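Quick setup: the structure tokens below cover two forms of a single protein chain, split into structure 1 and structure 2.
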Structure 1
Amino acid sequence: MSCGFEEDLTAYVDGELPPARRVEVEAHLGTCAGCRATHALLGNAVARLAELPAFEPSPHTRRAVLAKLDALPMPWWERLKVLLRPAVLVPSAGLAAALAVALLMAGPGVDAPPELADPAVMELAANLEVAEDYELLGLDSAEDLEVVANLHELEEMP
């Protein structure tokens, strides 16, 4: 059957048509035997579908999902929380500060031009600047440093 109203019949059965279009469809049904037959067919199907038993998921699903969550690698924000714990942060901050002072004492004098500065000192200073953005002075490993260095990027992720 090819009728301009046919595609609206399911939406009509579902109560999804705007009021004006609903009135038009009702008027059309009074004049079109083909659409009346299709309307009856659709209405019968919707009623029969309600007879189908609902699918009930297994009671084990919840446990399985929670176990899968336990097996997930720790997300970056959880790792950051660990790094920000006072027990980690305070001793690391002290160590980093001591290291920075020691390197500065061993390096060129304060009057030395920047181009003569030790590259290792410059790298440390750059890293400390990144860490200070997050009030994070203690880094235990290169991996931790990578996490902090990429925090801006991670925060922008959807």
Structure 2
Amino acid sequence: MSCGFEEDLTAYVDGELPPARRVEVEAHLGTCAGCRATHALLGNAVARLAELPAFEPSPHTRRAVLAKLDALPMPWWERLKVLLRPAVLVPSAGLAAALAVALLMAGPGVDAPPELADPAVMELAANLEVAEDYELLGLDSAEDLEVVANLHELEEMP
């Protein structure tokens, strides 16, 4: 069957179509042999299903079926829906943004001068105050630098 009424036949048989569409389907059934055959099959199936005895699963069977359904893996689209919920997405996006800002702030960046990678320059920067005092006093040996560093340590003690 390849006409546009194919999808409406089940709803027609079940009595679920709006009145206007129901009239259209009834008119179409008078002209389309394929839809009449499908309508007859659907009507026969519904009538045979109505003849079956009612089935009521036992509580044990019901629990077993529900447990098996719960054990099924979640389809990818359901997992995606869970991840895209605002309760998950908003905090995740905020955390990612905070992490990105922290990485940008902590990293040397592309504008950092290459001499910052030199350990001697980094040590000098850490002891800049000591080095400035060393130059102000006009000292000229490494032992004098150690004396100036000790003086700074004493100065910081309460």
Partner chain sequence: MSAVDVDSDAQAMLKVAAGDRQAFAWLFDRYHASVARFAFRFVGDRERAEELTQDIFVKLYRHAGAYKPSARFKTFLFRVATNHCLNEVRRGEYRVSHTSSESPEGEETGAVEMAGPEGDRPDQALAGRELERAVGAALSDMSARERAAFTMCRFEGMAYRDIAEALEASEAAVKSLIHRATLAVARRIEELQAGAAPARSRA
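Just so we're on the same page, residue numbers count up from 1 along structure 1's sequence. Quick caveat: nothing in here was measured; it's all calculated off a predicted structure. Take the two forms, find the largest set of C-alpha atoms that superpose within 1.5 Å, and that set is the rigid core.
Structure 1, not structure 2, is the form predicted together with its partner chain.
Its Cα shifted by 41.0 Å, residue 84 is compared between structure 1 and structure 2 on a rigid core fit. Core superposition places the Cα of residue 57 4.6 Å apart between structure 1 and structure 2.
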